[in-house]
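Shown here is one chain on its own, the form predicted alone, set out as C-alpha cells.
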Amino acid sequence: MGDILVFVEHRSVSLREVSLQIISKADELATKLAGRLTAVVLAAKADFLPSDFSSRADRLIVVEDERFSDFDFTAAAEVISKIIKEQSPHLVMMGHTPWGMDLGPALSVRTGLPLSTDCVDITLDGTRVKTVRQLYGGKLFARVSFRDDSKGCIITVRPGSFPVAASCGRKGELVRIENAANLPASSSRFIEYLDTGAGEIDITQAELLVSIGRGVGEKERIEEIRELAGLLGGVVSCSRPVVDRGWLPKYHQVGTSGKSVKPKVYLALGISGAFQHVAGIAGAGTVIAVNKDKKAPIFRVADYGVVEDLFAFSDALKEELGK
C-alpha cells in the first residue's frame, strides 16, 4: 500500500486553507494507491479543528504541547521525523509556506527521503510519484519523478494549487499525544506574525474576480471597474503594475509576488499576461480576457478572448446587466 502523511498547518488558532487543499489532493492520491491517509497536527490545543475534520483522514495524529502554540521548527522536525520513520509513508505532503519551506528540507535530511518543492501538481505513474514545478515565476514547467528505489518522498505544495473537496468520507481514528517527551531545545524564538497580504478583502476566497492591469490607464477609472464587479457579484483584483503605481493595495494583487487565486470565473481587463501573473491564476475555472492587443500573452491561457478596449467592453456589459 502507498500510505500518505500530511502535515496540517494552523495560525492564530485557525486551520489554514492550504492544509485543506493538500488533504483533498492527498485523499485522491491515497485512493489510487489503496493506502491510508494520515494527518498530523501539532498545537497547544487542537480544539480549533472543524468537527468534521477527522473524516478527511484515516488517522488523525494530534500532538498537543505548549511549544506548538506557534510554529517551533526544531520541535516540529523532531516529532514529524519520528512519525515518518515509524510509519514509512509513501508520500509526505505539506504547504510551500514559511512553515513548509523550513520543515521540508529538514525532514528530508533527517529521514533521507528525496524532496520536491513548490509543486503545482502531483500525479501517479502506477505507484511512482511525479510532480510539476513552475520555474522562473511560471515561465517554465519542470516535471519531476522520483527514483523507483526511493523508500518515499516529501513534497511541498504551492497554496492555491488544488480545490478543497467538500468531504473525503474517511472515518478518522484519533490518536492524541500530550506533552511530547524529550523535545530538543528550540533554535529560534517566535516573535509575531506580520501578514503583509492581509486587507479588507481576501481575493483567494472569491468565486468571481474582475482583475485589472495597466490598461486601466489611471487610478480614477478604477471606480468604473468596481461598479462592474458589484453588478457581477465579484471582487476587484489586479496585476502588479497597478499595485506598483499605488492605485490598489497589495492585497488585491494576483501573481507570483501576490496571491494565487482559484475563482470560478476570472475576468482579466487590460492585463497583458506576463508569466508572473499567469502563474497566479493556474487554479481559475474560466478565464475571460479583454485586451486591445490581439497578441497579448493573456490570450494564450484564456478560455474566451475579446479584442477590445476594456472600458468599451465594461460599459457594454454594464448596459446588458442593467436590462
Partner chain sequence: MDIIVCVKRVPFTQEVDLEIDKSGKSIVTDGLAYVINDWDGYAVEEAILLKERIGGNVIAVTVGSEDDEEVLRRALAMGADRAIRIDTCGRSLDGLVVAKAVAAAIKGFPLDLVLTGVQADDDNQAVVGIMLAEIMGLSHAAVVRGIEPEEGSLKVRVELEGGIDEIRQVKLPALLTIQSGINEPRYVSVMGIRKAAKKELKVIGIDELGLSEADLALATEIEEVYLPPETGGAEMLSGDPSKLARAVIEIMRRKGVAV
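Computed from a predicted model, the values in this text were never measured in an experiment. Whichever C-alpha set is largest while still superposing within 1.5 Å between the two forms counts as the rigid core. Residue numbers count along the first chain shown, from 1.
The form predicted together with its partner chain is left out here; the points below concern that form.
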{"property": "Per-stretch contact check against its partner chain in the predicted bound form, the hit in 253-261, 41-49, 57-65, 25-33 (non-hydrogen atom, 4.5 angstroms)", "result": "253-261"}
{"property": "In the predicted bound form, the residue from Ile201, Leu124, Ala165, Ala142 that sits within 4.5 Å of its partner chain by heavy atoms", "result": "Ala142"}
{"property": "Heavy atom distance at most 4.5 Å to its partner chain in the predicted bound form, all of Glu86, Gln205 and Gly213", "result": "no"}
{"property": "4.5 Å heavy atom contact, Glu218 and its partner chain in the predicted bound form", "result": "no"}
{"property": "Leu310 within 4.5 Å of its partner chain in the predicted bound form, heavy atoms", "result": "no"}
{"property": "Residue contact check: Val306 to its partner chain in the predicted bound form, 4.5 Å heavy atom", "result": "yes"}
{"property": "Touches its partner chain in the predicted bound form: Asp244 (any heavy atom, 4.5 Å)", "result": "yes"}
{"property": "Interface residues of 96-127 toward its partner chain, as seen in the predicted bound form [heavy atoms, 4.5 Å]", "result": "His96, Thr97, Pro98, Trp99, Met101, Asp102, Pro105, Ala106, Ser108, Val109, Arg110, Pro114, Leu115, Thr117, Asp118"}
{"property": "CA of Lys130, rigid core aligned, shift of 2 Å or more between the shown form and the other one", "result": "no"}
{"property": "After fitting the core, Asp148 CA displacement of 2 Å or more between the shown form and the other one", "result": "yes"}
{"property": "After fitting the core, Gly213 CA displacement of 2 Å or more between the shown form and the other one", "result": "yes"}
{"property": "Comparison of CA distance in the predicted bound form with shown form for Asp121, Gly280, at least 3 Å", "result": "farther"}
{"property": "Shift in CA distance, Ile288 and Val120, in the predicted bound form relative to the form shown here, given it is 3 Å or more", "result": "farther"}
